[in-house]
Structures are given as structure tokens and as C-alpha cells.
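We've got the same protein chain twice here, in two forms, each standing alone as C-alpha cells: structure 1 and structure 2.
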Structure 1
């Protein structure tokens, strides 16, 4: 019997991920002999792992924190989105010496934001917490679709400054601003707040912004989806603000990842159902 093709998620940590549920459900639905696994690798293990993909029968990977930028040096080809964002969340293994890098985070986020949440970024004011790989991808999409203002805060102010300079050069109709203080963020005038940091994954993580600055006209979007409701989402809900976790973004970036790997149209509703069932199981833990 032919062994299954292996796909998976590389990151540190990755045990919280729901990606195996949706991808394995999709493989089963389409009768594809493949399996999606989690690969939790320490930084010192990353290079050896990426050089051993073909030997391990691995045909594709998703990439998550903290490796979306680190893996760039291992790639032989990069998509236009990767070249702009300098961040990767999908690797396709063409052969043992040729790895392609793609970024489906931005597309996944935009599809969820506009199709499911019915939020059009055109002319809107947005605040983004974080300037890492995922933040770059979603900010690129927001600017591309004509958000009016995008304010970016990162604990590493140089990252915020570099990203805003790049956005302002590429998208002159969008005003990108780097904030050097989280206390200075003008949330009262914002339409959308996005948490693109890992702060919130742990139960004792703080809320990064002043809860009193949250308001009913502000959509609060947290890229974290496990736990399903982070502290910032709970506080926003108490203030009457609409909220969303990153499960929809996970779905749609996964749909595009699946199609890049297999060349087949992804069974979106099968994947959505698998994620919902997995979320219910996770919710019982919290």
C-alpha cells in the first residue's frame, strides 16, 4: 500500500492548532491519501527538519509563530505576497532541494472579514497590534483594499516603522502610522482593532489595550482562535463591541493552502464543519 503524503504545521508551540482537523477532513472527503500532522520544533531543530522534508515524505507545510520570517532563507522560490511581506505561512515541497514559499494569511483574513463578517475596509480606520508575519499579511490586504488609516503598534518599534514606511510607499492612498506607545492608540476613532500578537493564548495573559477605550462601533478581531474567546474579546463583548476570533481566517487560509498543495478545489464546508466540531471540543477545556 502506498504510504500517505504528509502535510503539516511547523511552529513552536503548535499543540493548540486546529489545522489537522480541517485538513484531514478535507483529505478524507476527497479520497486523497494524505495526512496532516503537527511538527513542534525548537529553533535549533528547524534547519535539519526543513532539509529532511523529502526524506520524511512531507509534501507541504503551514508555518506559524515564530518561524514565518525565519524560513525565508530556506526557500528557493517566493510568491509576490511573500516578497512584499517577508513572511511565509505555506511551503510546497517540489523536490528535496526546492521549496516554494507562499502566504495565504492575508487572503484568508480578507475573505473572512468581507464575506463572513461583512466588514468593508474601504475608508476605515484600523489599529493593528503586532508587526510580525501575520500582521504584515493582513495589513497588506487592508491597504490594498483602501483602508483610510492603519495604526500599527509593536513592542519592537523598528518593526512598526519599517512596515509603515513600506505600506506608505506601496499604497500612497492609505495612511500608515507607527505608534511608539500602546497607551496612545486612538481606539475611540477606530473602526477595527486587530490583535496580531500571541498575547491572549494563555489564560493569564493581559488585555493589551485599555478596556475603557473599547466601544460598540469597534469591531475587535483577534487572530488567536484557541482559546475561542481571549481576554480582549471578552472585554470587548462586555462593552457591546462586535468581536471575532481568528477561526474564519484559519479556515480560508487553510482552503487556499489545501488548493496549492493538491491542485484540487477545497471542500470548504467540510473544513468549516470540522473546525466547528474541534472548537466545541476545545471550548469544553475553558
Structure 2
């Protein structure tokens, strides 16, 4: 029997990742002879690992913290999303000396937003907290799909200024604004608020915005999925606002990764079910 094609996640650490559950369920459902593994590599192991992919029968990788930017120098081709964000979360091994880099985070977010949450960004006003890697990926998609205004706040104002300049240059129909203060964010007039900072992952993390500014016509989307309901989501729910955590984004970035690697349509519902079960198992364990 031919050995399975290997796919996997490279990062440090990676042991809590939910990705193996959804990808292995998808391979099984479609009868594909492949296996998704976790590759926890230290920085000094990265170069050797990326040069040995073909030898190890590895056909594709997801990339996570802290290597999303570091892997850029090993790539022979970069997608437009990678060029915009300077970050990679998918590698396709075309052959021994040819690696393609893709970024499916933004596309995953957009698919979840439009297909599951039925929110069309066209003409909408959006506020984004954070201007890091994930924020760049989702803001690129929001601008591409014609959001009217995007206000960006990051603790490091230079990051917000750089990102808004890039958006306004590439997408002249979208008005991107950098806010230098969280108090100045005009949430009353916004349709969508996104938390793309890590604030909310720890139980005692604060809600970054004034809870009184949250309202029922504001969709509050937190990219964090563990915990499933961060403080900002809890408070938004209390104010009658629709909410979402980042599990749907995780699902659809995985769906797109799967499609890029296999060239086949991903079994979305199989992957969603596997992810839900894995989340439940992990929350029981920790």
C-alpha cells in the first residue's frame, strides 16, 4: 500500500491545535490516503525541516505562531494575500525546490461572515481592534468586498497608520482611518466590531471598549475561540448585540487550506462537526 501523503501544522507550540481533527475527518470522509500531523519545531529546527519536506512525504503545511512571517524567505511563490499581509498560514509543496505560500485567514473570516452569519460588508462601517497579522488579513478582505469605512485601533498607533495607508492606497473606494484612542471609536454608528487582539484569551482580561457603546445593530466578532465567549462577547450579548467567536474563521481557513492542497471541494459539514467535537473534548480536558 502506498504511504499516506502527509500534511500538518508547524509552529511552536502546537499541541493544543484543533486542526488535526477537522483535516483528518475530511481526509477520511473523502477516502483520501493522507494524514494531518502536528510539527512542533524550535526556531533552530525550522530551516532543516522546510528543506526536507519532500523527503518526509509532506505535501502541505499550515503555519502558525511564531513562524507566519519567518517562512516567507523559504517560498518560491506568494499569493496576493501573502504579499498584502506579509504572513503565511498555508504552504503547498509543489516539488522539492518549490514552495508556494498562501494566506487563508482573511478568506476564512470572509466566508464565515457572509455564508454563516449572513453579513455582507458592502457599504458597512467596521471597527477593528488590533493591526497585527490576523487584522491585516481580515481588513484586506473587508476592503476588497467594499466595506465603506474601516476604523483601526492598535495599542501601537504606527501599526494602525501603516495599515490604513496601505488600504487607502490599494482600495481607494474604502475609507480607512487610524484611531489613536479607544475612547474615540464611534461604535454607535458602526455595523461590525472585530477584536483582532489577543485581549480576552485570559479570564481576567478586560473588555477593550466601553460596554455602553455596544448596541443591538452591531455585530461583535471576536477572533478568539478559546474561551468560546470572551468578556467583550458576554457584554455585547447582554446589550442585545449579535456575537460570534473565531471558530467559524478557523473552520473556513481550514476548508480553504484543504481545497488548496487536494484540489477537491472540502466536506465543510464534516469538518465543522469534527471541530465542534474537538472543542467539546478539549474544554472537558483543560
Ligand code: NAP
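Since the model is a prediction, treat every value here as computed from it, not as a measurement. Numbering follows the first chain given and starts at 1. Here, rigid core means the biggest group of C-alpha atoms that superpose within 1.5 Å across both forms.
Visitor: Between the two chains shown, which is the form predicted in complex with the ligand?
Guide: Structure 2.
Visitor: Once each C-alpha is given to the rigid part whose superposition fits it better, for the motion between structures 1 and 2, do residue 135 and residue 177 end up together?
Guide: Yes; in the rigid-body motion between structures 1 and 2, residue assignment puts residue 177 alongside residue 135 in one part.
Visitor: Could you tell me the angle, in degrees, through which the smaller rigid part rotates relative to the larger one between structures 1 and 2?
Guide: Value: 18 degrees, smaller part relative to larger.
Visitor: Quote the shift of the Cα of residue 49 between structures 1 and 2 to one decimal place in Å, the two forms being superposed on the rigid core.
Guide: Its C-alpha position differs by 5.1 Å.
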